[in-house]
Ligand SMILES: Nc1ncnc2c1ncn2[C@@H]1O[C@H](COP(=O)(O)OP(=O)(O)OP(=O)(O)O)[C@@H](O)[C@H]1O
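In structure tokens, the next block holds one chain alone, the form predicted alone.
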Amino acid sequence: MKGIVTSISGATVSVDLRGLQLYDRVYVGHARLSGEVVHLEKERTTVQVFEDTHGLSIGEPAVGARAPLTAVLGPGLLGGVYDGLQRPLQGLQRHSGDFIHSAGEIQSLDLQRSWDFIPHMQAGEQVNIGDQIGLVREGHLDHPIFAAFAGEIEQIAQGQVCLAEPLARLKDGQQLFGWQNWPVRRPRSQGRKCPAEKPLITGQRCIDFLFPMVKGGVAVIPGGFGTGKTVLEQTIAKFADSDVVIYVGCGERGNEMAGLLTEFGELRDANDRPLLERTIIIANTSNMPVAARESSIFTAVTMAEYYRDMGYDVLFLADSLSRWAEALREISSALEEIPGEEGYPTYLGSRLAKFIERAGVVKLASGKTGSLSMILAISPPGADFSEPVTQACLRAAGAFYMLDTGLAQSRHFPAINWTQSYSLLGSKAADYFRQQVDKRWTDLQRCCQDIMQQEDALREVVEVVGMEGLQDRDRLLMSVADRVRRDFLCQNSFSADAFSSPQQTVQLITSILDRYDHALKRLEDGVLLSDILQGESDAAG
């Protein structure tokens, strides 16, 4: 299927190809720039090109691939760093140098890499679609290989294999390879969705204790510039109890992404393994084409679903969805679509929902359970949380961690505002924490929240009458709340306190609350507040 380029407007190109479907892949120009169909008319097809169109001219050839944008799924993804089209950055560097230009097609997986294949079936056995025919060891994980076709096995490999060769051959001639292609915009449905109940331990006390996240849930982290979104996500990526981490740098600054790649290569996770061994990074910086940025989160979530469908717990981190939405707005504007609020396309909410709904817990046919959890950073302009992207995410998210500019400026990190944040998932995690950690978990949580809410209300009184105008009991509460903020909710991501297990969290908050109860009793017994506070200060020192 061939045609020619008829018009060019930036990355939006019209071609005279017919017979294409929406989101089909198209190769444009002599350089074979990759793009996808975004608009169809009777006489013309509009293609959004994923790459820089500098130098492209009218009359150059256009070729339809008759297939949508797909992700290549197989052993070797872990530890990889890719662009929004799943092209490895190392391959792009070899092709065009440190500054990426139009690069054409580059293999996502090293098909010549050798793997030790352990077969689970033998010649003569009947195999069905989705059956596990064997596995390879990928880093710390067993990577199962599933059959893409049904039939009787005629031959199956064993020992050292490479992905370029079939792992099994059926009697009807079909070949079973260790990799597969999957359309990135089509959710994988390899199992039955189940309720999300087990908590995702992040090591951040403010999250795990006050606003718990569950495996298979979705949380959003909106915050203004400098509030610590990136550092918080990197810390969670390091310590979260997940088997695989997918990190998407969507439209972030190039120097920030370069620093992240360097740091991820040096960091070790909670099990003292190199963090990059269980991580896949999608790097699509702000100077890269916007169409590839828009597709990057779909490419990444497809890889996340792939590992989820093996029965693993996958954590998906995106930084940030605001840059993704800006790319969507730029594409929509180039297509001359009717804009919605603040210029975003009217389908912003539905497009976000199609992506976010791919999170969840899945019960597989093998009896295993896999989960895909999402933590999504948002960068609202001017820290305005009423803007469209934040509001669209809130409709689908179960947890909301608001990063406060005031807390960040006072050097309180993570700068999660405990009065504005919430989690709809806390009740699901409460049973687990009561049974596995401490039966007083819910009571301690409620007591801590009450103290912080009372302190927030008293701050308005303090601004009028001053601290000396408060009653002794209220002044004691303000002192305890300050300690909760300073010693409990505040964590340094670059120290040994960066991770706090649930047991350590309970121990610390219990110590603070027990001392508060003891101080209240002494106050009721007539001890002067100044003596109580002095004793607390001496004990803390």
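We number the residues from 1 along the sequence you see. For clarity, every value in this text was computed on a predicted model and none was experimentally measured.
Missing here is the form predicted in complex with the ligand; even so, the following discussion is about that form.
- At least one heavy atom of Q491 is located within 4.5 Å of the ligand in the predicted bound form.
- Not displayed here, the ligand is approached by G226 to within 4.5 Å at the level of heavy atoms in the predicted bound form.
- Heavy atoms of V231 reach within 4.5 Å of the ligand in the predicted bound form, making it an interface residue.
- In the predicted bound form, no heavy atom of E165 sits within 4.5 Å of the ligand.
- Checking F400, Y82, F413, Y307 against the ligand in the predicted bound form, a heavy atom within 4.5 Å turns up for just one residue: F413.
- The partner is absent here; in the predicted bound form, the one residue of K363, R253, R434, R273 having a heavy atom within 4.5 Å of the ligand is R253.
- Of the candidate stretches 245-253, 171-179, 338-346, 364-372, only 245-253 has residues with heavy atoms within 4.5 Å of the ligand in the predicted bound form.
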